[in-house]
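One chain follows as structure tokens, the form predicted on its own.
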Amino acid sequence: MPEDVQMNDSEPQPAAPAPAAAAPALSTLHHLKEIATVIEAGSLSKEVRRISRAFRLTVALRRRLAARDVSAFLAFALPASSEAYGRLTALVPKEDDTEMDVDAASPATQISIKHGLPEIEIFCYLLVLIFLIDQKKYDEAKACANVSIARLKNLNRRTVDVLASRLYFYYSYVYELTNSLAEIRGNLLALHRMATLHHDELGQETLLNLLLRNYLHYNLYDQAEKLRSKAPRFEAHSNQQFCRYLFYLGKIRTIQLEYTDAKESLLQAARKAPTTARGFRIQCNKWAIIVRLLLGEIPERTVFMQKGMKKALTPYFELTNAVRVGDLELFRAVADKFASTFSADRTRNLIVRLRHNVIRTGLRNISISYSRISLADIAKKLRLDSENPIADAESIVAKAIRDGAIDATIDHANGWMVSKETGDVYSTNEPQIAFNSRIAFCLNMHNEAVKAMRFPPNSHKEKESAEKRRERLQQEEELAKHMAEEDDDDF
């Protein structure tokens, strides 16, 4: 009998892998078919959130996509006689390996969708475009993008807007990868005008950011500001697009010397960006650090020690240290050492502006340390290497006094700078200004949190049924009767 028991235990073992073998049945092709059913349901019920969910599911499959999966999905989703099917199958590369991912789902669970839906067709364009970009087939990707944009111009459906916004993004992205962004600027402006006429607010957000990126790529800051100021504004629909808009706005404000507004926009963009967008947050922090230095502020050390950013922010940490110390020679050394990094980040021109801040910081340190010091010693400590350093030092001190950076006077007869005694900062309005800025920041964050809250769609338009109305009236009558009895008891 023990042998029989042992045989019974060993016999089911070959069948055990059956459930494990069933797991790969959900192949990439099967997942794509499920995504198509989600899009179909969203199209028929006109629920945009389902379309958004379908795209998020597609992003999760992006690394697993193969040419055979894309070709099989096109055959499933599009009629073989359609124009879109012919164009897209010609763009998808053919594989020598004839093995296909077998959709091993049982016949009872086979998936089918309704052909002819514009949302399915646009999704197919988007899927092929993403696949071609990942495969680095940029010429085919540009052809696919141009065809898909031409098809989009003939559609005006709110359920297509989510997919259209992603198509706009990849359309611009593939041209940026081939360094030919200037070619599509006119098309982007036409698409933005079309999105405005169609009241496609998500498309307007996306296209405005793409146009700003297009202008800033070629350093056309004035044109970018003109477009931004005249474009219609509304409540943000996408957090990612709003973060990009704040970043571009911060860059424009920085170039225009509006450092206070630039700092607010850049810090808000870095704060709102998702933690997974590390590259975007690094760029925001780089520009925010430069802007704060231009404002005369010294960023906290924790800014440079953020997780995953320490190495990328090292050049800006050394630059901040040079500005904090007020050492002009150290500032020059850091600027030369990381010149290639600053040029790649497009912040080199801003760093040239920092020279005056370094001199002013050094002068402020001298003013605090000495009650009286000669202009020659000031020129020596600031390491001014001009032909007439004493005259330069005198003009720098005079400008700093006029701007309120230091509290001192110049004795022209003896060639001295005489510093005044520092007073009590709490007797000034500076504490009040600091508290006011903090309170305004907290109130702004609270308002944005309230705006970001989600509510059921059309909840304010739903009409209550007769039964619910009867229950509500009954509850109100009972409450009124109860209150009247309490009033009688009080009397």
Partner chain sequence: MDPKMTEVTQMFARFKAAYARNDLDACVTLLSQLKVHLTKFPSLPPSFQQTPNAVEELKLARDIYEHAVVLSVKLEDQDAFERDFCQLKPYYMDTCGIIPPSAEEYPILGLNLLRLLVQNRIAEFHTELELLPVKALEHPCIKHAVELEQSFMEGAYNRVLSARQAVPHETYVYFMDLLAKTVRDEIAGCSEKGYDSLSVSDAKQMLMFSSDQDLHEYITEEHPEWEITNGAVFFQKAKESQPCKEIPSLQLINQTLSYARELERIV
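What you see is a predicted model; the values in this text were computed from it and never measured. Residue numbers count along the first chain shown, from 1.
What comes next is about the form predicted in complex with the partner chain, which does not appear here.
J.: Could you spot which one of K310, R348, R372, R271 gets a heavy atom to within 4.5 Å of the partner chain in the predicted bound form?
T.: Of K310, R348, R372, R271, the residue with a heavy atom within 4.5 Å of the partner chain in the predicted bound form is R348.
J.: Could you tell me which one of E264, E394, D377, E201 places a heavy atom within 4.5 Å of the partner chain in the predicted bound form?
T.: Spelling it out, the residue with a heavy atom inside the cut-off is E394.
J.: Where, among 445-453, 29-37, 63-71, 45-53, do residues come within 4.5 Å of the partner chain in the predicted bound form by heavy atom distance?
T.: After filtering at 4.5 Å, what remains is 445-453.
J.: Just checking whether N219 would be counted as a contact of the partner chain in the predicted bound form - the rule being heavy atoms within 4.5 angstroms.
T.: Within the cut-off, so yes.
J.: Considering only heavy atoms, tell me if T409 and the partner chain come within 4.5 Å of each other in the predicted bound form.
T.: Residue-level check for T409: yes, a contact with the partner chain.
J.: Given that the partner is absent here, does R355 sit within 4.5 Å of the partner chain in the predicted bound form, heavy atoms only?
T.: Residue-level check for R355: yes, a contact with the partner chain.
J.: Hey, in the predicted bound form, is N146 touching the partner chain, heavy atoms inside 4.5 Å?
T.: No - in the predicted bound form, heavy atoms of N146 and the partner chain never come within 4.5 Å of each other.
J.: Is it the case that L197, L212 and T302 all touch the partner chain in the predicted bound form, with a non-hydrogen atom of each within 4.5 angstroms?
T.: Verified in the predicted bound form; spot residues all out of contact, no.
J.: Suppose contact means any heavy atom within 4.5 Å; which members of 253-280 contact the partner chain in the predicted bound form?
T.: If the 4.5 Å heavy-atom criterion is applied to the partner chain in the predicted bound form, 253-280 yields I255, Q256, L257.
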